[in-house]
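The data below hold one chain only, encoded as structure tokens and taken in the form predicted alone.
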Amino acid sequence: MTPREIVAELDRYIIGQEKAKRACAIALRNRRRRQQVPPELIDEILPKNILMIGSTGVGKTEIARRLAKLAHSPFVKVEASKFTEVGYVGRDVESMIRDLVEIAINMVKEEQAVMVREKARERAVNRVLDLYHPPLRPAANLSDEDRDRILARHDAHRTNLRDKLIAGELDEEKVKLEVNDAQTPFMTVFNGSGTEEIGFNIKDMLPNLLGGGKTKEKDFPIKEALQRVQQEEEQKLIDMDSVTKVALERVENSGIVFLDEIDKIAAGGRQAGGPDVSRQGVQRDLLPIIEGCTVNTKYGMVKTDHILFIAAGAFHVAKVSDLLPELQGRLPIQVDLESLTEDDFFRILVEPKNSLIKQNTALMKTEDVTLEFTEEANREISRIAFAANETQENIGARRLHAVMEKVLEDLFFDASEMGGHTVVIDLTYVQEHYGDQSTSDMKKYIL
């Protein structure tokens, strides 16, 4: 997709923030361009990492998430405030790369599973059919004519059962499957850097010693047995060496890490001590990851040189300049996201493909209740949300969720008994059901 097409696709879900969309679209397109430059330059062209600055609820996370979906890229969202400096107990920054690798492995496994699903389904049907109606072994003393006649009748019966099994007519019938009888819990390794994400399963290493090799027979409905057996067959058909190779390559060349709340690890002028003690240490640990280093994972070594890092923060207390200069330099594209206006709130309500109105209308449709919103009602909801952000905490577009839930609360409670009704949400309905919330901002003063 061209940058213009990427922005157009983002516009279907996110209102405003054109600067951030353009920056992300260019960064995504540059990855494609990099793959087509002469080989001697491929390793020299580094991704232009982005720092998005804006209040909560203005679309920072949504832009990054939609971008990853457009690119079909491995994507992980992490909060910078959850990391600790090496030497402290907690997650180290390398764990986000391991999380990204796990996501990529699952993506590639699912892609390969789709390719082998038809073959796995056929194998699963044959296995379950053999469990439900085992193949007949005619007696050895039968004549050839009798054996052929018995086998022909038996094969016809199995064919009939197979058709019924595929059609779902035998779903409730029971068959016996062998399942793992091990009760050993999963164990994770601890080391000096805190909880190490590369754990290992003792059962896999010592199956006989810890009972991991024991199995028992258990009855399952054919429908569930078919699903279990199909998953087993898919795993057998998937080449894990190929999966690992493709996943690691995808992480290195198209992985996206969204580093949220990066302003929380900036000192912000506070004195060192307490929760601030390792903030600069976390920043120093982030430097080599963002600039490019090699991280050890249980699937192999991963280079982070060409992973795209998108950092975001509100920067209400701290400033961008409170980050280490080296870290600022590794996030060269800095984009300010604009605060949302009342008109933006109205557009967010009605325009996106996944707008709140469409979501709530679909939820009500499951109860056979039709919801209709008038433009006046949408304007009033937008006005209330905007005013609430102005007088209370500014939580951006998330305020619309709170207002909408309050307006529709009674309807959601009664909808199960209203099948077949049409409810019009107009200006009067909103004003009656939202009520007077003017005293809600007094909560902050109550001990």
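Between two forms, the rigid core is defined as the largest C-alpha subset superposing within 1.5 Å. Keep in mind it's a predicted model, so treat the numbers as computed, not measured. Residue indices: 1-based, along the sequence shown.
Beyond what is shown, the protein has a form predicted together with a small molecule; the following relates to that form.
I'd like to know if A397 sits close to the small molecule in the model of the complex, meaning any non-hydrogen atom pair within 4.5 angstroms. Contact check for A397: yes, within 4.5 Å of the small molecule in the model of the complex.
Taking the shortest heavy atom distance, is Y13 within 4.5 Å of the small molecule in the model of the complex? So Y13 counts as contacting the small molecule.
Mark Q392 yes when one of its heavy atoms lies within 4.5 Å of a heavy atom of the small molecule in the model of the complex, and no otherwise. Residue-level check for Q392: no, no contact with the small molecule.
Any non-hydrogen atom of I348 within 4.5 angstroms of the small molecule in the model of the complex: Yes, I348 lies within 4.5 Å of the small molecule in the model of the complex.
Just one of 57 to 65, 407 to 415, 381 to 389, 27 to 35 has residues with a heavy atom within 4.5 Å of the small molecule in the model of the complex, so point it out. Comparing against the small molecule in the model of the complex, the contact stretch is 57 to 65.
Option touching the small molecule, based on a heavy atom within 4.5 Å in the model of the complex, out of L308, V101, L340, I265: Selected residue: L340.
K77, R147, R121, K245: which sits within 4.5 Å of the small molecule in the model of the complex by any heavy atom? So the residue touching the small molecule in the model of the complex, by this definition, is K77.
Hey, does L70 budge by 2 Å or more at the Cα between this form and the one not shown once the core is superposed? Comparing forms between this form and the one not shown, the L70 CA shifts below 2 Å.
Can we say the CA of H401 moves by at least 2 Å between this form and the one not shown when the core is superposed? Yes.
Aligned on the rigid core, do the two forms place the Cα of N389 2 Å or more apart, comparing between this form and the one not shown? Yes.
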